[in-house]
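Only one chain comes next, encoded as structure tokens, the form predicted alone.
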Amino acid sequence: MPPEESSTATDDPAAALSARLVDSLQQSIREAGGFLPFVEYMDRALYAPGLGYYVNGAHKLGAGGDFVTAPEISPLFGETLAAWLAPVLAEDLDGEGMILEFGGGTGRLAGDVLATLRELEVPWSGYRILEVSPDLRERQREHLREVLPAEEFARVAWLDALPQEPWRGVVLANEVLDALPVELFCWRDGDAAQVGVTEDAQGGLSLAERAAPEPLRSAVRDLHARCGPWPEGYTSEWRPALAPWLAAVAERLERGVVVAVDYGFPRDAYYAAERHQGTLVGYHRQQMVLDPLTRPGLMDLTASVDFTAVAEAADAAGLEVAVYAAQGEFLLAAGLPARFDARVGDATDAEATLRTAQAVRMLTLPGEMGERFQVMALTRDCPSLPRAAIPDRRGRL
């Protein structure tokens, strides 16, 4: 970042906030001897208290935000997901299961899920939202207070951390794993280099490389052995927090299902030689930004999910990979067409029908979210989960 950007006039609150984060990062770089691993930079850029993107109050979701998620596109996403999970809540969990959602967005997914469970007369014991963003928590409260009956809203609560006691229920993680910080690596001279952040000669931030430490070096060598050879300078990501995150969830989940929906690939596709620039990008005002050091604290940073790594972590944590499919084929098989018909009725409202059809296309078509996004369901003792109609893509992992 040029020095004039990091010393922006204080009458621009967003720029001033970013400048404070840059100052903090530069101090950390100096204290670390001139090099901050990218995984630490990404963690700070997204989650530094009061300054990181997800916790500083910046408008993120929906109109005027930086990105739009599936629940924002159409309530059919949450309705279909809830109807598909209903047998687990009603039969495997005897109507006493808790629902835990990571990163609740604007609250729309929670509202759509609970409305559908109410329609289907499926009981649930509580809805918990683990949300690190104070402003999103408030948006969630406002939305759910508006759309839920008072008795249901009273059973919604917000968490700062995972429940410590064992519990049974459903975990929803829609576009959560992509926000876990990544190690950025480069393949140099037949070995792994770690990419990090340094100060440049102009006093800004720039990317640099050094020999990869363990366990990054071993992880990259294993990836190369399976997916290589790679060209010189091949750059990609590895997510060290993924397995610990899933292990922590599984440790407390006595019985239930974890549903992860995110953009990503099986490992062989993720680390294919032709994907030599990796998947790390930023998003600002719904525009993709390729430089990850742009606007620290004001821009989302995200990388695709290695779903093979999710499956491996699930197996290590004692969970079964019950379902793996592309989002489009999953939604169509899980009941979205019936939900669409119920929503548009006899299609007398042509404008509403067109809007709903456009939303369905965005959720399901391969050129939109249908193929790029993947759905994985991880279970523990949930025989009632409907899976027969879902295309089985686990062989791709």
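Note that residue numbering follows the sequence shown and begins at 1. Since the model is a prediction, treat every value here as computed from it, not as a measurement.
Below: the form predicted in complex with a small molecule, not depicted.
Note that among 125-133, 198-206, 141-149, 279-287, the stretch whose heavy atoms approach the small molecule to within 4.5 Å in the predicted complex is 125-133. Interface residue remark: residue 54 is counted as part of the site for the small molecule in the predicted complex, having a heavy atom within 4.5 Å. Although the partner is absent here, residue 47 sits close enough that one of its heavy atoms falls within 4.5 Å of the small molecule in the predicted complex. In the predicted complex, residue 356 stays away from the small molecule, with no heavy atom inside 4.5 Å. A residue is said to contact a partner when one of its heavy atoms sits within 4.5 Å of a partner heavy atom; residue 69 meets this definition for the small molecule in the predicted complex. For the candidate set 327, 174, 74, 236, a heavy atom within 4.5 Å of the small molecule in the predicted complex is found for exactly one residue, namely 174. Site annotation in the predicted complex: the residue of 86, 249, 219, 180 reaching within 4.5 Å of the small molecule with a heavy atom is 180.
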